[in-house]
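Here are two versions of the same chain, shown separately as structure tokens and labelled structure 1 and structure 2.
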Structure 1
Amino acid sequence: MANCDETIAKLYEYLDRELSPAERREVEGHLALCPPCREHFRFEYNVLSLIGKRCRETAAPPELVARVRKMCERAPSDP
């Protein structure tokens, strides 16, 4: 069974879904038994979700989209 330090060291790889299934199970095994680590993971998950959610509110300006679309209308006839 992994201890707290080993589990916290894998926090981001776990949240980024970069761990192998075996490593994942080990982290989840610890989290199931350790409320402080669970709380820490939940908090970082919320921070990451918030950063993603807020930043993805920004879209490309319509004029830029129009310019790029126009560019690709011409592109096929380019030599």
Structure 2
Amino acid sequence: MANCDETIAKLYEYLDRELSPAERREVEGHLALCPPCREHFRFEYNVLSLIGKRCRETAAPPELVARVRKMCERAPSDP
């Protein structure tokens, strides 16, 4: 079972769904048993949810979208 430091270190990867299934179960197991880490998780989850919601409400200016698309077209592609 992971300790608090290990769990907090993996929290963002957990929230971004970047952990392996085994790591995810380990974090979830710790969160189920540790109220302070669970509270930390809830706070971070709520912050990311709020940022995601606000970002969806605000569209990028069309000029910026066009510039980014041009830059992407000119960027070398990885092999």
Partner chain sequence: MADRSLEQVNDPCVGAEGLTEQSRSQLEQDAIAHIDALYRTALRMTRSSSDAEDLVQETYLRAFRSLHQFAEGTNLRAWLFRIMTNTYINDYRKRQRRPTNTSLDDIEDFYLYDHLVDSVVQPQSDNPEEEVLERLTTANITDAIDELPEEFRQVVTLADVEGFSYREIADVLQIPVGTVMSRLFRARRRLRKVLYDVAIESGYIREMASDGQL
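Note that the coordinates shown come from a computational prediction; the quantities given were computed from them, not determined experimentally. All residue numbers here follow the sequence of structure 1, with the first residue given the number 1. Under this definition, the rigid core comprises the largest set of C-alpha atoms superposing within 1.5 Å between the forms.
Here the chain coming from the form predicted together with its partner chain is structure 1, while structure 2 comes from the other form. If you fit the rigid core between structures 1 and 2, you'll see the Cα of residue 22 move by less than 2 angstroms. Once the rigid core is used as the reference frame, the Cα position of residue 56 differs between structures 1 and 2 by less than 2 Å. With both forms fitted on their core, the C-alpha atom of residue 67 sits 14.2 Å from where it sits in the other form; this compares the forms between structures 1 and 2.
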